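Encoded as structure tokens, the following chain is the form predicted on its own, with no partner shown.
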Amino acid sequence: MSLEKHPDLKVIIQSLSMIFIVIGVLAVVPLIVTAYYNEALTPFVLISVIPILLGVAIELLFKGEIELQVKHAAIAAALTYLLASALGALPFMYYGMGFLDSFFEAMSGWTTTGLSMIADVESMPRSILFWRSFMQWLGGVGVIVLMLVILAGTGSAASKLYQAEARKDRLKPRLLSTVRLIWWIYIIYTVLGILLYYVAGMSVFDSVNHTMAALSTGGFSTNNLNIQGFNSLGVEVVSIFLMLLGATNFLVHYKVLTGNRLAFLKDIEARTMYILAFAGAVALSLKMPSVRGALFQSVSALTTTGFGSINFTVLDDFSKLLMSFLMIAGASTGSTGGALKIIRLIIVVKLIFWWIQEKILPEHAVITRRISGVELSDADLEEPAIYLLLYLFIFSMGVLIFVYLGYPTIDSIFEVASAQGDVGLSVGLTGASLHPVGKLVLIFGMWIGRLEIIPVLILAQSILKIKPKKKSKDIL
């Protein structure tokens, strides 16, 4: 297939070259950690060298400026997470994991999910544990967003790529200033988190890993029992604090850090998140023996972090369903969290309220559709409603497949909600023994959940259109 006949494909390949190079450069960090702990360098050398060579080769083969359209950016974003996961799987394969399980682990890392195929994480090399957490930390803000910082991306192409990775808010008028600010805030919070975990009793290595997992709302741990394994109130308090930070819009963080101390309380998403987390904790405490555990797990589920301080295999059906609802609701927009996002739920609830008002008020009555003083257009109302339907449809299909494979309905709901919401909590289904089809369903859920569906749909549509058409032969 000639690329000249498919200019869209050429543009997409060119845009991916930059992402390859960035991934290769980033792999130097775990390479340093590997060298420090005197562990095998080979897998991380491969991750660093292969993508850089691919990126440079593409740059040399396809020289010239590219005109990136919205569809190109969406497809590039969708492919980025597939390619990053394929590369990220190499270290796991080096240490004996099969390709599917390794790809699952890497996808879980890049999408900040936290579901794992590794039963005994404490037996794994430290370089592997760091790589899992590092992928989550990078994926929390986004590989593409980091690429824009490293390459000083500006212009319409950069803007399209930024939006394709499910980000819209700007902290500054200029995009480059925005992404740099986001990363500065993220790095400052990371340093703070490491210090807090260390003071709470963690080792430096555990502090680094759990901070990256908490702020990215990822959930990977260096302990087989996750946060429960530390059996520390201090560790749990620090985790709750960092999880809430990660699940809050970066624009709110920026306002607080620049003097608006009450921005957390003024933001409707942040307020709603605190209320839902508290309400979830109260409801879970009715079934859980520990109020402390109920609060922790409510925050962990809602912020889509996936840290665990209890044994999930003994949860009753009520607790599993309630936590599934929290995992579907998700965190704030413009945060590192996943799932539906709270503002969409707020808009849909308001939309129902306004619809009821239209039915009971006189025909000439004017209903002002505002949230936090901002008047919403028809497009503002349509997007969350359509997204909700798409999200729930895909979720339902995933649950149906799990039930068909023979897994209990409630457990299937929990596991699929966790994967699609990029949460990482599990009631025991996720693991090496999970049916291969089940693993593929969860991989797809993590991928489509991180990208907020639309880029994946655009990619699917483009693949169908790229297929070469058969030329009809004239009949003489």
Partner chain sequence: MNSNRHGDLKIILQSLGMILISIGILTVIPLLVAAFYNEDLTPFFFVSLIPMVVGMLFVRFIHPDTEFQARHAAIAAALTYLIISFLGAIPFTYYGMSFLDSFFEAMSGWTTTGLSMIADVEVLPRSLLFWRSFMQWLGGVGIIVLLLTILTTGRAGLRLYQAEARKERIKPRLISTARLIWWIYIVYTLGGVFLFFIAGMSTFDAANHSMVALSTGGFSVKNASLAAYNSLEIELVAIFLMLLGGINFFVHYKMLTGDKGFLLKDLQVKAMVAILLISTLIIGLTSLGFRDALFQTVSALTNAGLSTANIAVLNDFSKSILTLLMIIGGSAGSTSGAIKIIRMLIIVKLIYWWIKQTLLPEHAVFSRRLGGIEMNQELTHEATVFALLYFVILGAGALSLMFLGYSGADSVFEVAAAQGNVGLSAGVTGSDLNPFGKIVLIFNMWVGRLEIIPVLVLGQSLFGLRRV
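Positions refer to the first chain, counted from 1. All figures in this text were calculated on a predicted structure; none of them were measured in a lab.
Quick note: we don't show the form predicted in complex with its partner chain, though the next part is all about it.
Of the candidates I371, V256, L351, I188, L351 is the one whose heavy atoms come within 4.5 Å of its partner chain in the predicted bound form; the others do not.
Put simply, of I268, L79, V403, M124 only one has a heavy atom within 4.5 Å of its partner chain in the predicted bound form, and it is V403. Contact annotation for the candidate site: F325, E383 and T409 all lie close to its partner chain in the predicted bound form (heavy atom within 4.5 Å).
At a distance threshold of 4.5 angstroms between non-hydrogen atoms, I12 is out of contact with its partner chain in the predicted bound form. For R180, no non-hydrogen atom is located within 4.5 Å of its partner chain in the predicted bound form, even though that partner is not displayed.
Using a 4.5 angstroms limit between non-hydrogen atoms, I458 touches its partner chain in the predicted bound form. Its partner chain in the predicted bound form comes within 4.5 Å of no heavy atom belonging to E375. Annotated contact segment (heavy atom within 4.5 Å of its partner chain in the predicted bound form): 280-288, selected among 302-310, 280-288, 214-222, 199-207.
Although its partner chain is not shown here, in the predicted bound form the stretch 302-326 places heavy atoms of D317, F318, L321, L322, F325 within 4.5 Å of it, in sequence order.
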